[in-house]
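Take a look at this single chain, the form predicted alone, given in structure tokens.
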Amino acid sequence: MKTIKTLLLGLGLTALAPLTQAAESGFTLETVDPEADRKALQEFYQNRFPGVPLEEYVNGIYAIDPPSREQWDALMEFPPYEFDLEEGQVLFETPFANGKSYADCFENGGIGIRQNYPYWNKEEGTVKTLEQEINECREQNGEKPLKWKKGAIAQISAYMAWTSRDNVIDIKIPEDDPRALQAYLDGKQFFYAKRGQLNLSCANCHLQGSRRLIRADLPGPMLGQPTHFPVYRSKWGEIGTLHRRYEGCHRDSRSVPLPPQSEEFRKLEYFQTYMSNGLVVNGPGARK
């Protein structure tokens, strides 16, 4: 963490002091303040990329790199995920063998709820993601679970995200259950921890590395990162989930990837999505 703090100071950006100080003190429950973290992150990007409105960060790298934005605008004239959206709606509305459907498993029939995920489930003592509950819905109704990374689960999740577009993300950390705050802290620690043969953290690429060329890529900013998932990636040639991207990032850093929907990845998603509170759902998205 000293390396990150030194770099930020060298850039003249001290807004992230609450984040780095918390990391250096061991991410303790006594010192953490999620709202201070979120505001510090916003201030960091406002200082680093002056003139970019906060609401633009739902567009990832295309919010802060004009040449990339120009190419992306051209791509979005015919969004590559449109067929997946159509298929996702069909899958979502198709009844299970017992006559029930996904709508029976979710609040508001599963429409317009993406902004509330992931959330802390007090009864189960864990973070629950949308994809996790899609599969739980299937199993509760006698259906086999879907594979986590792509295909039907990404299409269904994409449709549910689409019905939630422009809804404001509002992730809660219940004050009456310290385990929820601990889950946030664990996700935060995961984001800042270095791993793999390249000794990289998520923060190296997506915080101080935002819009800094790594090979032929410009990493997108942390702020707003979960808002546009699932995404159709040109590299994949198909639509995929956020946890598929997490797995890919692990491989890129030459570390052993965790399985999608592992507890660690769910806590990471909890932390990252909380940091995007106040932005809107913008999924599904398209990336290179």
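Start at 1 and count along the sequence shown; that's the residue number. Values in this document were obtained by computation on a predicted structure and should not be read as measured data.
There is also a form predicted in complex with ligand HEC; it is not shown, and the following applies to it.
*Asks:* Quick check: do Phe92, Ile111 and Lys147 each get a heavy atom within 4.5 Å of ligand HEC in the predicted bound form?
*Replies:* No, because Phe92, Ile111 and Lys147 lack any heavy atom that approaches ligand HEC to within 4.5 Å in the predicted bound form.
*Asks:* Taking the shortest heavy atom distance, is Arg138 within 4.5 Å of ligand HEC in the predicted bound form?
*Replies:* Result no; Arg138 lies far from ligand HEC in the predicted bound form.
*Asks:* So, in the predicted bound form, is Cys205 in contact with ligand HEC at a 4.5 angstroms heavy atom limit?
*Replies:* Yes, Cys205 sits close enough to ligand HEC in the predicted bound form that at least one of its heavy atoms falls within 4.5 Å.
*Asks:* Hey, in the predicted bound form, does Gln189 get a heavy atom within 4.5 angstroms of ligand HEC?
*Replies:* Because no heavy atom of Gln189 falls inside 4.5 Å of ligand HEC in the predicted bound form, the answer is no.
*Asks:* Is Thr273 close to ligand HEC in the predicted bound form, meaning a heavy atom pair under 4.5 Å apart or at it?
*Replies:* Although ligand HEC is absent here, Thr273 would stay clear of it in the predicted bound form, with no heavy atoms inside 4.5 Å.
*Asks:* Exactly one residue in Asp170, Asp177, Asp104, Asp217 has a non-hydrogen atom within 4.5 Å of ligand HEC in the predicted bound form; which is it?
*Replies:* Answer to the contact question: Asp217.
*Asks:* Of these, Gln42, Ser253, Ser68, Gln261, which has a heavy atom no more than 4.5 Å from ligand HEC in the predicted bound form?
*Replies:* Among Gln42, Ser253, Ser68, Gln261, a heavy atom within 4.5 Å of ligand HEC in the predicted bound form occurs only for Ser253.
*Asks:* Of the listed stretches (115-123, 196-204, 69-77, 149-157), which one has a non-hydrogen atom within 4.5 Å of ligand HEC in the predicted bound form?
*Replies:* Selected range: 196-204.
*Asks:* Along 62-98, which positions have a non-hydrogen atom within 4.5 Å of ligand HEC in the predicted bound form?
*Replies:* None of them.
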